[in-house]
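Below you will find one chain, with nothing else, as structure tokens; this is the form predicted on its own, and questions on how it binds or moves follow later.
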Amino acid sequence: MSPTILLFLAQDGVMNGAVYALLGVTLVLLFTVTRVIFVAQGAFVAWGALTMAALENGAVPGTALLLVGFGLAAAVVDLLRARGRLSGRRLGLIAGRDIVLPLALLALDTALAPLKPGMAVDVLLTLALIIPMGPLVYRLAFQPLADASVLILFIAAIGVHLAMTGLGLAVFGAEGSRIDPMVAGVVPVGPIVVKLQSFAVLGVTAAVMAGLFVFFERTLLGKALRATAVNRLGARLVGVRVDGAARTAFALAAGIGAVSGVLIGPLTTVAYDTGFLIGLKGFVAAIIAGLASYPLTALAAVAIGLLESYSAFFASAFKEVIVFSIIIPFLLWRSFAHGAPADEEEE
């Protein structure tokens, strides 16, 4: 292998690893706050890219209709849960949050999409459609199971993944799409030529990571999420609304997923189920980090990106096998290091 090829592969690996890092950090956030191993995170990635593609083509994205459907379903569920205890304020909150807001976003997209307002507006519209879906998914699927075991929550997450994949197929169809790059062109860097989109991916990833750091360290809401991650019962005792923290975590997850979709959309053709494989690689990074450490997750994700890139060159038919196989020694090490679960030891 020549040094030039080595550098080209490293470029692709670091760029892919940056996206995996975003997803891995998101999975760690969701698990620590809600105990949900959210395997459906990749759906937000695919929906973000496909929403962006539809807006670029001047069409109203299917996610606008999905958001309306999710909102109506959440409203019905809330009304059934609170029957006999409904106040005018509660009804107004349900109507505004679950019905008026999604319909307003649908109307906004219907008005702006045919005008093709440009990439900046398209990105904002994409985020506006995807971010509210995170809390809605939590309220519909996980809030009723908030006190269940991690295994039950994981089974529910698998069901959510299957449902979101089916909805994606129904709304977007089986055909994949690409979107325009955020920055077009290339620039020579030593012996290789680097796409400006690569710098955009790294820059946005760094900005999101820095934003998350500031959010958790400097804002009251971020500190509430950290408290919930450390001790759910203790956070509840000092006044933190655990369900509110969980909804915020899912909103962040949906937003980061949409950003990831916008980043990878120009690099590969994205279909309704593309996000699952991408999300699994972020999941591998999160598992390597023990579903606990954000910096270690990011480093593991970059390492996975590099491994994937070099595996594609040396053994392209087995690159996915190689990437997912590296999780095995880490699982074995953690199993031997921590021993058997308490209930098994008691037996």
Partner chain sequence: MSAPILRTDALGVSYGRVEAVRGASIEMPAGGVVTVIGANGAGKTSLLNAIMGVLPSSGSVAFDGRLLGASPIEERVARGLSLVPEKRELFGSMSVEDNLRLGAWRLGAKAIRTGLADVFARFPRLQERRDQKAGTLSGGERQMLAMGRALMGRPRALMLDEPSLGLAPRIVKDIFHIVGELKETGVSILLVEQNARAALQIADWAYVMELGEIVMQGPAAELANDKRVIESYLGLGRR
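The structure presented is a predicted model; accordingly, all values stated were derived computationally and were not measured. Residue numbers count along the first chain shown, from 1.
There is another form of this protein, the form predicted in complex with its partner chain, and it is not shown here; the text below is about that form.
*Asks:* If you check Ala120, Leu233, Ala174, Leu80 against its partner chain in the predicted complex, which one has a heavy atom within 4.5 Å?
*Replies:* Residue within 4.5 Å of the partner: Leu233.
*Asks:* Which residue, Arg139, His161, Arg97, Arg226, has a heavy atom that falls within 4.5 Å of its partner chain in the predicted complex?
*Replies:* Looking at the other structure, the residue within range turns out to be Arg226.
*Asks:* Does its partner chain get within 4.5 angstroms of any non-hydrogen atom of Gly190 in the predicted complex?
*Replies:* No, Gly190 is distant from the partner.
*Asks:* Answer with yes or no whether Leu115 is in contact with its partner chain in the predicted complex, where contact means some heavy atom within 4.5 Å.
*Replies:* Leu115: no contact with its partner chain in the predicted complex.
*Asks:* With a cut-off of 4.5 Å between heavy atoms, is Leu221 one of the residues that contacts its partner chain in the predicted complex?
*Replies:* So Leu221 counts as contacting its partner chain.
*Asks:* Determine whether any heavy atom of Arg90 comes within 4.5 Å of a heavy atom of its partner chain in the predicted complex, and answer yes or no.
*Replies:* It does not: once its partner chain is placed as it appears in the predicted complex, Arg90 has no heavy atom within 4.5 Å of it.
*Asks:* So which stretch, 148-156, 130-138, 273-281, 233-241, is the one near its partner chain in the predicted complex (non-hydrogen atoms, 4.5 Å)?
*Replies:* Of the options, only 233-241 has residues within 4.5 Å of the partner.
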